[in-house]
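Take a look at this single chain, the form predicted on its own, given in structure tokens.
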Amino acid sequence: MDLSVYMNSVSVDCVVFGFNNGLMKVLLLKMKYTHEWTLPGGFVRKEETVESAATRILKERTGLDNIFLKQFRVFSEPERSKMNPAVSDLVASGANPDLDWFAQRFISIGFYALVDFTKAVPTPDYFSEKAEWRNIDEVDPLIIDHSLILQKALNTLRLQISYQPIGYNLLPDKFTMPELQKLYETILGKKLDRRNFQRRMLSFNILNKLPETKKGGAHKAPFLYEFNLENYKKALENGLGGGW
């Protein structure tokens, strides 16, 4: 790994959210030599922006393009790099002898991404042996301050629901209103009134009701919906207003 192409002291950490079977997921990597878990991340090349670095890293880790990506916070605690006992283990393993590079202070820019769980292909990086999804409420402590980064990303996502739409990047092309409500409840961590939720979502004018219904199940088949992409994009730019 040629470290000379990267900027000193600047890194990117990405919190990749997915949604499947009513559960919120986050993408994690298992490191090769320490067997600890980490968020996907990497260094910033000298000729690219931090946004380009995050997009490149996510493409490498998920195989997806055009990901919804949002910068949410800078993590600059002076001692954050020293919080990582994995550095010495990594160097001792012979994986990379440049201890000075990994032991230096890194300021990390945090991004969160929303991806289609069914289309993502989790792929390990140079330092990891495994990439896999974990339920958001079943994540063990992560290296350095990655547990804090994950929590801050989730808090930011919950705030976003109050003024921007959520769902296009997390749900299939066609979905039911209960499925959309379950996504919101999972992110918020609380139950929402069914009638109020449906009335409010329809008032935003970001959904198209389809003439078809979802087949299967013991109850009356619910109608399917899709996002009105033109109005959805306008809502992302202009906001929705209100809160849950």
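Computed from a prediction, not measured in an experiment: that's the story for all the values here. Residue indices: 1-based, along the sequence shown.
Heads up, the form predicted together with a further copy of the same chain isn't pictured, but that's what we're talking about next.
When a further copy of the same chain is considered in the predicted bound form, residue 9 lines it closely, a heavy atom lying within 4.5 Å. By the criterion of a heavy atom within 4.5 Å, residue 60 is excluded from the residues contacting a further copy of the same chain in the predicted bound form. Using a 4.5 angstroms limit between non-hydrogen atoms, residue 4 is distant from a further copy of the same chain in the predicted bound form. Mapping the unseen interface onto this chain, residue 66 falls outside it, with no heavy atom inside 4.5 Å of a further copy of the same chain in the predicted bound form.
Annotation: in the predicted bound form, residues 15, 152 and 222 none come within 4.5 Å of a further copy of the same chain through any heavy atom. Contact annotation: a further copy of the same chain lies within 4.5 Å of heavy atoms from the stretch 193 to 201 in the predicted bound form, the single such stretch among 207 to 215, 171 to 179, 25 to 33, 193 to 201.
Residue in contact with a further copy of the same chain in the predicted bound form (any heavy atom within 4.5 Å), chosen from 143, 161, 136, 114: 161. In this stretch, 108 to 128, the one residue having a heavy atom within 4.5 Å of a further copy of the same chain in the predicted bound form is 109; the partner itself is omitted from this view.
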